[in-house]
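Here you get one chain, nothing else, as C-alpha cells; it is the form predicted alone.
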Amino acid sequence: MTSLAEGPALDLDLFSDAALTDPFPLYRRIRDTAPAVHLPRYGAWAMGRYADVRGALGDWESFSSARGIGLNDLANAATQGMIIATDPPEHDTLRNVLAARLSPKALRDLRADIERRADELVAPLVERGSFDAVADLARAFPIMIVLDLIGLPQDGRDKVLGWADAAFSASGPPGPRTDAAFPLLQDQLAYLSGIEPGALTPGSMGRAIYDAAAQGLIKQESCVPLMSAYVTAGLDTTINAISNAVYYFAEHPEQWDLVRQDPSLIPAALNEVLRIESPLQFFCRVATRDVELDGQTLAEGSRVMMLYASANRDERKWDDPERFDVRRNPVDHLAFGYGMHGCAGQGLARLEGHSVLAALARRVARFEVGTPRRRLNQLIRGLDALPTTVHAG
C-alpha cells in the first residue's frame, strides 16, 4: 500500500485567471493522475473522480467539515459554526431549523407564486427582445424570491449579492483574491448582525431562525451564521444555472427545440446544465482517519478539495461528458453536493429554475448571445454578463 502523503503530486495553479476561466483541462489531469492528487502549493489534496467524490461526501465520519471547508485558516475560523462547517449532531440541529420550510410540501405551496413571478419577469424581457441574461434575468429572479423568503429588510438588499459572491471566494487559498473577498464576508456578517429579529418579515425563514433560538432549539450565537449560510447559498447556484442555460441553449438550439416540443424535459435540462457547468467548483473536507483509496492511503488530517465540477465531467461516470444533452437526465450529478451536506435549498433552486425555463419555453423560439463576460470567483463558476437577443415564437 502506498501512502498518498508520499504519492502523486501535481504543481497546478487552479486559481489563475486562465484556470478559473477554463478549469476543465486541469481537472482532467487530476482525474487521470490518481484518485487523489497532492497539490503542494495549497498544502491540500484534490479528489476529482465521481465515485471517489461521491463516496467521500457520503462519509462524514471519515471526511469532516468541522475543520473548515476552505483553503485558508482565516476563512475556516470565520465560518466555524456555520452549517456548512459542522458535523453531527450540531449540523443536524441547525439543518432542522428550516427543514420543514424547504420540504417538498412547503415548496408545493410556493409553486404557483414562483411560477407567476417567473412569468412576470420573463414576459417583458421577451417583449424587449434584447437584454442581459445575467443582470436582467438570472440575478433578478432568485434575489427577488430568496430574499423575500428569508424576510430581509429592503435596506441593504442591493449589497447582498456582492457579499454572497465574496463569501465563497474568501475560502480560496491565501492570496490577493482571498484578501479582497474577506472584508466583504465580514461586511455581510456585520450587516446580518445588525438586523433586529423584529425587522425580519413575520413568518419568514429569517424570523424562524430567531424563533428557534428563542425556543432554545439552537444557540443565539448560531442565528447570524445560519442566516449567512442561507443568504449565501440561496443565490449563486440558481443565478448561474439560469444564465448558463440561456448560453447553452443559444449554442445548442436543437436542444432548445427538444425542450419546447416536450416541456416535461425541463427538469432533465436543468440537471444537465448543472452537470456540465456546475456553479460550485469545490468544498474541502479533512480526513479524520487514514482512508484507503484504490490501494493507496490518504493520511489522517489531510485537507481534501472535493472537486464537484470535475466529478460531473468524469469520463468514468458519464458517456461523452462534454456533450450537452437534455435527454441525459443526470439526476445523480453532484452540483448540489451529496450526503449530509447536500444543498438544503436545492428543491427551491430547482423550482426557480424550472419556472424560469418554462416561462421562456412558452415564449422564446431562439436565443442569440454575444460574447459572455466571465465572473472570476475562487469557488463559484459563472458569468458576469451575457448579451442576449430572443426571437419570440
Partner chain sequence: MRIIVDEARCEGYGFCAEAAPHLLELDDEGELTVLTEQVGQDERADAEAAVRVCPVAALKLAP
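Numbering follows the first chain given and starts at 1. Predicted model, so just to flag it, every value in this text is computed and none were measured.
The same protein has a further form, the form predicted together with the partner chain, not shown here; the description that follows concerns it.
Asker: Using 4.5 Å between non-hydrogen atoms, is residue 261 touching the partner chain in the predicted complex?
Answerer: It does not: once the partner chain is placed as it appears in the predicted complex, residue 261 has no heavy atom within 4.5 Å of it.
Asker: With the cut-off set at 4.5 Å between non-hydrogen atoms, does residue 105 touch the partner chain in the predicted complex?
Answerer: Heavy-atom contact with the partner chain at 4.5 Å: present for residue 105.
Asker: Looking at the partner-bound form in the predicted complex, is residue 180 within 4.5 Å of the partner chain by any heavy atom?
Answerer: No, residue 180 stays farther than 4.5 Å from the partner chain in the predicted complex.
Asker: Look up in the predicted complex whether residue 92 has a non-hydrogen atom within 4.5 angstroms of the partner chain, and give yes or no.
Answerer: It does: once the partner chain is placed as it appears in the predicted complex, residue 92 has a heavy atom within 4.5 Å of it.
Asker: Heavy atom within 4.5 Å of the partner chain in the predicted complex: which of 99, 77, 190, 214?
Answerer: It is 99.
Asker: From the list 198, 176, 88, 194, which entry has a heavy atom within 4.5 Å of the partner chain in the predicted complex?
Answerer: Among 198, 176, 88, 194, a heavy atom within 4.5 Å of the partner chain in the predicted complex occurs only for 88.
Asker: In the predicted complex, does each residue in the set 24, 375 and 381 place a non-hydrogen atom within 4.5 angstroms of the partner chain?
Answerer: No, the whole trio is out of contact, none within 4.5 Å by any heavy atom.
Asker: The partner chain isn't shown here, but in the predicted complex, which of 328 to 336, 35 to 43, 360 to 368, 65 to 73 has heavy atoms within 4.5 Å of it?
Answerer: Looking at the other structure, the answer is 328 to 336.
Asker: Is any part of 323 to 353 within 4.5 angstroms of the partner chain in the predicted complex by a non-hydrogen atom, and which residues would that be?
Answerer: 331, 332, 338, 339, 340, 342, 343, 344, 346, 347, 350, in sequence order.
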